[in-house]
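So this first bit is one chain, no partners, the form predicted alone, shown in structure tokens.
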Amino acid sequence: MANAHLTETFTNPEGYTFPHHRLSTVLHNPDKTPIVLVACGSFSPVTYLHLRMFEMAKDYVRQNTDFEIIGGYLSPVSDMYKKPGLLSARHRVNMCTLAAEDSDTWLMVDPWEAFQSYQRTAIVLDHFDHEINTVLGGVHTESGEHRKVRVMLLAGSDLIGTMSEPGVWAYSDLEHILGRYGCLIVERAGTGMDQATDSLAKWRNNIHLISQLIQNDVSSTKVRLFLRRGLSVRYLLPNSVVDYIEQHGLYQDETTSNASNVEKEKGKEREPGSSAGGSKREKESQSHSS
């Protein structure tokens, strides 16, 4: 892993504090590498599939790697993303927090990315690395030995699809994300992984592919469609998130045209104002769950 971050300083939102109340400070198996999983996405709204990704990753890590998970984070994108169907960051962070607090004891929500300007995935991962290893000092073994925590990206297989498309991601960002940090990729219905990873062979050892043994095609896009049609979304989302949506009357005014555009934009995040022609900033794009 390289030592340098892409930036020397990180701009924090006003009043921001890095959440670490569920982050383990002790590595229980000294023979393993401590890791933190970070899922970047719109989460508009967060669904059980988003949460299920963490559980699948936990099983994979336990059975197939020399890693030990010490924490997991949802990192909602900024409002500056301006993706069709994207609810305000305040609501998305609140829903993610409700979902995480109702779930397992190791999931948290970091609002750093949500409440500021557009940030590339590479910078977001650097932020986590800085907070966990520099500010908090990493973890210790039970014998007191200090260990640095490895940050890893957790995402659906549509991410790998965009990473393998020429011109979508900057090579420097791919090198930083896949070379420095690595990722765990969960298979998603309707997307293949093998062909996409062939073009990313340079980083193959840092790309961990997780098969989805029970097919689940729940998506935020479909949930928003259900809500606009007045259909129930219970058991697709945590009950606390469903209650929050109903209490605030969310997703009632999203237009059909926006909904159809979501799938077109899915997996390709562009800076606001960029064209479809492939600007330099587009090539620094990142991929997020819908």
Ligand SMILES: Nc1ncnc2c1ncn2[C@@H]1O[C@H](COP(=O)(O)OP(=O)(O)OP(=O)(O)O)[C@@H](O)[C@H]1O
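Residue indices: 1-based, along the sequence shown. Note that this is a predicted model, so its numbers are computed, not measured.
Same protein, other form: the form predicted in complex with this ligand, not shown, and the subject of what follows.
Backbone and C-beta atoms of the displayed form come within 2.4 Å of three or more atoms of this ligand after its pose in the predicted complex is superimposed, which defines the site as blocked.
Although the partner is absent from this view, residue 158 contacts this ligand in the predicted complex, with a non-hydrogen atom inside 4.5 angstroms. Though the partner is left out of this view, residue 93 does not reach within 4.5 Å of this ligand in the predicted complex, counting heavy atoms only. This ligand in the predicted complex is not approached by residue 36, whose heavy atoms all lie more than 4.5 angstroms from it. This ligand is not shown here, and in the predicted complex it never comes within 4.5 Å of any heavy atom of residue 200.
Figure note: of the listed segments 227-235, 240-248, 24-32, 41-49, the one touching this ligand in the predicted complex, with heavy atoms no more than 4.5 Å away, is 41-49. For the options 98, 209, 218, 89, the one in contact with this ligand in the predicted complex, meaning a heavy atom within 4.5 Å, is 218. For the residues 183, 107, 125, 186, the 4.5 Å heavy atom test against this ligand in the predicted complex is passed only by 186. Along 70-91, a non-hydrogen atom within 4.5 Å of this ligand in the predicted complex is carried only by 83.
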